[in-house]
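So this first bit is one chain, no partners, the form predicted on its own, shown in structure tokens.
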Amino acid sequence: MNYTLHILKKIRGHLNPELYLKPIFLLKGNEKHDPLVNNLTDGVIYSLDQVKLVIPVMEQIYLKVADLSFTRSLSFEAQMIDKILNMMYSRDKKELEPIPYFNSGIGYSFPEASINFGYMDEWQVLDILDIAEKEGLFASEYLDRIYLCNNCSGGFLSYREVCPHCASTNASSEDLIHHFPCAFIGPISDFKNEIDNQLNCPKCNKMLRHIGVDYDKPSIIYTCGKCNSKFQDISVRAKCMMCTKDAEVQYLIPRDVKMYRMTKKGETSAQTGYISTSKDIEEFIGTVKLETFKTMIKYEIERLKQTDYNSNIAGIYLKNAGELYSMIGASSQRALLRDLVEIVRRNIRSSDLITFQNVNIVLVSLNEIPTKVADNILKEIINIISRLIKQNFKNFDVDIRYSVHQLNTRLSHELQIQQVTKDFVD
């Protein structure tokens, strides 16, 4: 089974979709199968004579794969999300459910995601799925909470009770005795004698006969075998078996484990190719975050209600950008997007805003100018961008579109932003 899993990891963990999306069927033996193996194969046959029975399954997978567009993602996180979406879509799988797995670095495995990571790095799966959820590609449902090492994020932890003074695990416990008649409290060893099994109070020398009548046991006291200190509140520490870091449990990293369900946006992203996360395109100098852009448009609409000025919102759409990005690679993608931002920034005022809705659509605010002037500005920007791409990528015919809308004080900012991007779809 170790060999089977090794081969599966080589195939499913590969970066080439022509390899990692291939149908894989298991020729079943008598051994109990690894749950990760069961989740990463497409079926089981019991003899080679049954190969013809799985042909319809293979055909269905290849039909789904034909729907996918493969692009080079901007970042590692986007690349992993794209792989997860491709695997799920091609297998017509809607849910990504964690399975308890003893060979996982975090105790749970998300098969389509975890296959891309080694034991020490598997914690990154949680970060990537969080990003995918924030991007709207998945909806989630809480299942469990785990605690990871605060040094290496490993989940293989050994929890131990230790001395609060020297952190030694060599501590022994015994009951505390409270003698009612004389109110003496001490460890049970102080009440024992060497002659018989009876308990005698070391203070008043009376025999303790009945618990609840003569005495009770209100607590436990610990004695450290290393530093000989006595204490009642023992500390709990967690030792990481991966990096050997020993930490108090209060400093461990809590992480939620969720079940994920692919959304309609996730299905669409699988078909069109998932290129980038919002984090990837928030780093370009001269731009603002999409949420900031939306807020400023909202304020501009409110300001226009008190003035006679015209303000506009515009969109630039690189329709076939996915083909170009796939051809030029991630580093050239970033360089091209930086150049695009610089071109737009040079042709608008410093008070106007630029943001990326995604790596295909740039939104621009053009305030206090007539819509006709804004339209001419966008035409000039499009011409410059087109010339730039044609000069640098001679074998590529770029398809750039734009849309300009005058801000309407009677409509919400969200609706007007949606209308700009809707023009490109229509």
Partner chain sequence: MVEFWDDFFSYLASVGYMKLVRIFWFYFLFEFFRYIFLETLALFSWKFKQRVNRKALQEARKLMWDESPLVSIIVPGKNEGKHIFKLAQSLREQTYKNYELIIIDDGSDDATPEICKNLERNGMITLFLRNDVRGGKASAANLGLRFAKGKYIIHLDADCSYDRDAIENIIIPFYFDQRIGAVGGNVMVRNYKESLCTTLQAIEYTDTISVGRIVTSHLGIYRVISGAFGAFRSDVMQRIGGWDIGPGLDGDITVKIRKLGYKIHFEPLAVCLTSVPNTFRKLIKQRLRWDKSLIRFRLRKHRDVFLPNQSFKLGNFVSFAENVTYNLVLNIFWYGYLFDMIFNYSSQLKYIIIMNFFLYTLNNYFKFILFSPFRERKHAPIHYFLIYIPLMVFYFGYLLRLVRSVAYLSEIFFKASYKDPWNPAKTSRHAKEMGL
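The structure presented is a predicted model; accordingly, all values stated were derived computationally and were not measured. Numbering follows the first chain given and starts at 1. What we label the rigid core is the largest C-alpha set whose atoms superpose within 1.5 Å from one form to the other.
In what follows, reference is made to the form predicted together with the partner chain, a form of this protein that is not presented.
Engineer: Which pick from 92, 233, 302, 196 sits with a heavy atom within 4.5 Å of the partner chain in the predicted bound form?
Structural biologist: Selected option: 233.
Engineer: Which residue, 309, 119, 180, 76, is the contact with the partner chain in the predicted bound form, using a 4.5 Å heavy atom cutoff?
Structural biologist: By the 4.5 Å heavy-atom cutoff, the listed residue in contact is 180.
Engineer: Only one of these stretches, 345 to 353, 151 to 159, 202 to 210, 101 to 109, has heavy atoms within 4.5 Å of the partner chain in the predicted bound form; which one is it?
Structural biologist: Comparing against the partner chain in the predicted bound form, the contact stretch is 202 to 210.
Engineer: Look up in the predicted bound form whether residue 218 has a non-hydrogen atom within 4.5 angstroms of the partner chain, and give yes or no.
Structural biologist: Because a heavy atom of residue 218 falls inside 4.5 Å of the partner chain in the predicted bound form, the answer is yes.
Engineer: Even though the partner isn't displayed, in the predicted bound form is residue 136 close enough to the partner chain, meaning a heavy atom within 4.5 Å?
Structural biologist: Outside the cut-off, so no.
Engineer: Taking the partner chain as it sits in the predicted bound form, is residue 286 near enough to touch it, meaning that at least one heavy atom pair lies within 4.5 angstroms?
Structural biologist: No, residue 286 sits far enough from the partner chain in the predicted bound form that none of its heavy atoms falls within 4.5 Å.
Engineer: So in the predicted bound form, does any heavy atom of residue 184 sit within 4.5 Å of the partner chain?
Structural biologist: The answer is yes: residue 184 has a heavy atom within 4.5 Å of the partner chain.
Engineer: After a core superposition, would you say residue 205 shifts its C-alpha by at least 2 Å between the shown form and the other one?
Structural biologist: Yes, the C-alpha position differs by at least 2 Å between the shown form and the other one.
Engineer: Please check if residue 93 moves between the shown form and the other one, taking a CA shift of 2 Å or more relative to the superposed core as movement.
Structural biologist: No, shifts by less than 2 Å.
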